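Read the single chain below, which is given as structure tokens and is the form predicted on its own.
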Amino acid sequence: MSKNSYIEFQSITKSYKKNIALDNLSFKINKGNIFGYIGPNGAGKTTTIKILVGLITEFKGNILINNIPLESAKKELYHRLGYLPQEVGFQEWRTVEHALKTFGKLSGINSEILEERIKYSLELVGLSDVRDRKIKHLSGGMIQKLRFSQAILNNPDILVLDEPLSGLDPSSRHQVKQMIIELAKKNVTIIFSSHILGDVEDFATHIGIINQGRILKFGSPKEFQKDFDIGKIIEIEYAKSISNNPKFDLDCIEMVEDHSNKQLIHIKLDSDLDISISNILKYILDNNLKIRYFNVIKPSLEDIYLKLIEEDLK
């Protein structure tokens, strides 16, 4: 285990009868990381999360938390772990405050600090003004924020979030992202799953792509961009609309998308990007083309995700 690793999954295997949910799964997460866990439905994300939070206890392999086996650290860990499952059952007749008090007591939070923790968590998610409102009168977005409030109630060192942005409008989604980022700055280690790849790309410090119970790729967003030579597109915007867009007759080009004053040039996968850029710029200079914008569009997380999943299914 590396010096900075805080959570380490070692050869985790889990089967349901003849179906393998996790297949020799291994990866490490450092303290203070925001780990985005993505994959198709049924890929193994929720099973991984349930093993970590103790809802699944029968599996092969080991999990280390701060170099201590999960089995040995379980009692201590669950006092320091916050968990937001996809569905948290709130009794609708309770008020927001009453619901959090109930969860707090069930989690073993000392009654002397519970009120303070409720106040803090509601302020963090922006629900202080509805603490006396019954849950049945909350919107879907408010209920999701209440779930997040419940997950951080015990001031966790590890925060596990299963689809935390589900059901939120764009403004609330941005707010929750910022909360996660701020918690990570306080050295909270965060694991979250999501099917919204753009959101994962926005704020995850590390990303794991899982399919059929196996990790296909793990790394930082920069490592993903560096390792995958796909989606190489050069965007050129011309100084003014031109009636006949330039015809780039270069071997490195796969295709060109023409727009009124813009072109998107798709570079062949087997072409060197730096040489291709030089050749395109030379063409622009030789033909006295006036441009106001030239940009290399990097592959998105969605491009990488789709490529990995497609290759894994072959």
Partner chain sequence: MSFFLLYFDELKGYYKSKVMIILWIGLPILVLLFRLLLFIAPEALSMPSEISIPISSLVGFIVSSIGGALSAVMLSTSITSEKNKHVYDLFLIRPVKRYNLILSKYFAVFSCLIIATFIAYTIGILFDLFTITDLSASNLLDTLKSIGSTLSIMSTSCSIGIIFGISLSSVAASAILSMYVGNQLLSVFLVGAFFLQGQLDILIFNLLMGSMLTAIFLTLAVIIFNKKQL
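Positions refer to the first chain, counted from 1. C-alpha atoms forming the largest set that superposes within 1.5 Å between two forms make up the rigid core. None of the values given here were measured: they were computed from a predicted structure.
Keep in mind that the form predicted together with the partner chain is missing from the display, and what follows is about it.
Although the partner is absent here, Phe103 lies within 4.5 Å of the partner chain in the model of the complex, judged by heavy atoms. The shortest heavy atom separation between His79 and the partner chain in the model of the complex is within 4.5 Å. Proximity of Ser139 to the partner chain in the model of the complex falls outside the 4.5 Å heavy atom cutoff.
Shown alone here, Leu55 lies within 4.5 Å of the partner chain in the model of the complex, counting heavy atoms only. Contact with the partner chain in the model of the complex holds for none of Gly213, Lys217 and Phe224, as no heavy atom of theirs lies within 4.5 Å. Proximity to the partner chain in the model of the complex, taken as a non-hydrogen atom within 4.5 angstroms, holds for one residue of Glu116, Glu87, Asp129, Asp169, which is Glu87.
Only one of the listed residues (Ser72, Ser111, Gln91, Gln178) places a non-hydrogen atom within 4.5 angstroms of the partner chain in the model of the complex, and that residue is Gln91. Of the candidate stretches 246-254, 56-64, 35-43, 285-293, only 56-64 contains residues with a heavy atom within 4.5 Å of the partner chain in the model of the complex. Residue Gln150 is the only one in 145-161 with at least one heavy atom within 4.5 Å of the partner chain in the model of the complex. Once the rigid core is used as the reference frame, the Cα position of Thr95 differs between this form and the one not shown by 2 Å or more.
Relative to the superposed core, Asn155 undergoes a Cα shift smaller than 2 Å between this form and the one not shown.
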